[in-house]
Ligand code: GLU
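Single chain ahead, by itself, as structure tokens, in the form predicted alone.
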């Protein structure tokens, strides 16, 4: 009978697992700030410069901000788990993660389901082109050009609808493939948030070969996703973000992760001031 129960438990864990987080119910994501111990944090696993998993290593700006905040809140054991865009709300609502740092834009619609600390970065949609490209200076210079984005994304369509009706849209299933196509010359530009583009351009194989145009045309406020209504945690996260900015760690983290691409964030918006918790 003991064997049967064990097998059932293993099967249940396998069926419920959405990531590398340990199987368990509410509370496994971590205790209250200041209590120490373990905390589970959601990040992206496939965004170079922001959230990237390589073997057992986790790198990127989101990862560095998450580590700083977790340590400042008193957590001594951090577990990172993958937080795909479509699963972020579910991961928080089901207590599988305590916080999410995953290019998670703060929107009114998302605020109906979860709460946010931050923002800790303000991004904007931009373009990635070859470093020697002088023709593409912004979204309105894309008529007749081949533009790549990920299937299902609205980024490329926004350009076609609002800036360059004659742009030729190309879609791949990942941004990595878009960037590879740009580097090989089969497309002319890639579009998504500027800091995401900078993360790709900062990869060793692309350094000096690609650049972010630097003319953002949207605003994306990256926040720390937390469970709906947890204003105490939100307040503590905001205090940690402000501390990270003031002691220079925020800039150091940005420089070491996406800095090699030459990317400079909009200084009129970054570093941002966290919003009031509600």
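What you see is a predicted model; the values in this text were computed from it and never measured. Residue numbers count along the first chain shown, from 1.
Although it is not shown, the form predicted together with the ligand is what the next lines describe.
The contact residue chosen from 121, 80, 175, 75 relative to the ligand in the predicted bound form is 175, the criterion being a non-hydrogen atom within 4.5 angstroms. Of the listed positions (186, 93, 154, 112), a single one reaches within 4.5 angstroms of the ligand by any non-hydrogen atom in the predicted bound form, namely 154. Stretch-level contact check against the ligand in the predicted bound form with heavy atoms at 4.5 Å: of 104-112, 197-205, 176-184, 137-145, the positive one is 104-112. Mapping the unseen interface onto this chain, residue 130 falls outside it, with no heavy atom inside 4.5 Å of the ligand in the predicted bound form. Though the partner is left out of this view, residue 222 does reach within 4.5 Å of the ligand in the predicted bound form, counting heavy atoms only. Proximity of residue 85 to the ligand in the predicted bound form falls within the 4.5 Å heavy atom cutoff.
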